[in-house]
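Form predicted alone, single chain, as structure tokens, below.
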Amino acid sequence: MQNIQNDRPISLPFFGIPRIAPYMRPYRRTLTMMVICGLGGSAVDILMPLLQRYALNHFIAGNTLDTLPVYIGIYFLAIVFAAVMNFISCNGAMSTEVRVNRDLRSAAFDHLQTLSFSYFNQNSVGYIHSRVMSDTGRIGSLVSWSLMDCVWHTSYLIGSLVVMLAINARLALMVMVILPLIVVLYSLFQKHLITANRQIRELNSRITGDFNEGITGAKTIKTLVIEDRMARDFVRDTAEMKQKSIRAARLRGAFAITMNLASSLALAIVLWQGGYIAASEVGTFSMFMSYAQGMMEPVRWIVDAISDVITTQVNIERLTRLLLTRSDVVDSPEVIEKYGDSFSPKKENWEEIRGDIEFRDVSFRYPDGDEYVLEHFNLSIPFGSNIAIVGETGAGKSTLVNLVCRFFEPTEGSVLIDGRDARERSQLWLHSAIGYVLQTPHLFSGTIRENLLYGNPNATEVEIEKALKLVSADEVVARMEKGLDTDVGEGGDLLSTGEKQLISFARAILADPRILVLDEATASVDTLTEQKIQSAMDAVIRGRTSLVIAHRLSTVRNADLILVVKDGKIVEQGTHQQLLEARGPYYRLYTRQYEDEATSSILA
């Protein structure tokens, strides 16, 4: 599946930190405490070589123990103080990482709920999953542990240099020569590391997608006997991942080795020049040796940190691209102000929906299409009408329904609900009045009862039983050992397709929608159950506007209006009798299907 978000990188200044700053702001007190404690712990580490210098110069070279008790007390307090500071910093880092991860994932998930179908049609599950879980995890680590390490290592490096400059400026300046070298090396490696890590993250998304298809499509894979092909595809992707990862590791290794070589120069300089100091003041020489060796750890951290920041910049870039993706269907600020949005609805301002639908001079083409599916289409559907949409597979029967449900916006013209443009009210206002039964039903993990209550959380036992009985789903529940408390499994996979269809049908009825959409709702049930549902259809659609997408034409003979779709366009419309008399596309479809059903009946 093509991932439309992979087309090009986006520019993020300062490694993308401004993009994630709003998610750090609620925890600024914890972050501030982490910084203060990090500085405190770093100050103790800077103090230790100075205490060491004092001990060597005073106790050993001076041959006296007069201040030893005070020295031991200061040393002990410094160790305890450092332990407390490090504990507070680590505790803050852990809590910040968990909370920022939670906030980022919530923001990403909530934003996904606002995107239109076209986004999910063009991006794989693995691609989206990687952004919501993997990318957010790396970002959370960056703003917590990396921040704490940055404070400690940077302050230690700067503090050490300040002390060294104060004691021996000449030797300190010679050690500081390595810092410009680090900057130059960073600029040389940055571009290559970003490119390599971006490729690795995209490959990781593809591999996650392979896992997803291998799990969700397990039954199809086995029935098609394509295990070897799926394995080859997975091996190909993982082999490419291995190749790109090795290249990135070599780049990071070369970077680290070069940087470590530069940091080792500091120790060499001290050993070379420090000999002149050692003869007269062994404590100062020891202090410089400690600082030079201690500086190697911050420099090594800088190497890893730069690599992590570069890697995480790719994660921030990918998550930012998701959060900046704009839905094809959006409510205007004026509509949101009055009616609210999906997460904060202002139901007190919602008008009651009657169910009148009108297409007024509607032209439409899909976001990624060039040809118009509808052109200057006009149709009025009064409340209570039963409209059937028929046509061959792939003819485009769902287009009209998608426009009515506002899953897509008209390219030109408008769709009116109760005489007003649907865009003048919120999407949630419209969707709350629509009951939709899909051809491929989906149930959520949980029990049958929990799935039914998604349709109406306040439904009583009597209302549930009535909805089940209306569509013959009560017989399904009666066969279950635990009845309504039977677990349906992930996606409803513990039930048959027909059973899932009936439960989803009852769920839609339980919501008592003003507009009912049936997308080949009886396609997955047996003939007997279909007959039961058809006999109940009059009661189901009474008091509602219904749109029925049908493959079996025998189910739509009583429709008030039948729309015949071919190649994405409406080629014929009328009642069943009118269309038969016209002997056009509907007549041919009906005759062919009737002959096929008659032949099957005779053979049976």
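Worth saying up front: this structure is predicted, and the values here are computed from it rather than measured. Numbering starts at 1 and runs along the sequence shown.
The next section is about a form of this same protein that is not shown, the form predicted together with a small molecule.
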Region of this chain that lies against the small molecule in the model of the complex, out of 385 to 393, 83 to 91, 226 to 234, 325 to 333 [heavy atom, 4.5 Å]
385 to 393
Among 366, 301, 339, 145, just one has a heavy atom within 4.5 Å of the small molecule in the model of the complex, namely 366
Since exactly one of 399, 311, 204, 451 fits, which has a heavy atom within 4.5 Å of the small molecule in the model of the complex?
399
Would you classify residue 496 as touching the small molecule in the model of the complex, given a 4.5 Å non-hydrogen atom cut-off?
no
Quick check on residue 373: any heavy atom within 4.5 Å of the small molecule in the model of the complex?
yes
Whether residue 432 contacts the small molecule in the model of the complex should be assessed with a 4.5 Å heavy atom distance threshold; does it?
no
Heavy atoms within 4.5 Å of the small molecule in the model of the complex: does residue 243 have any?
no
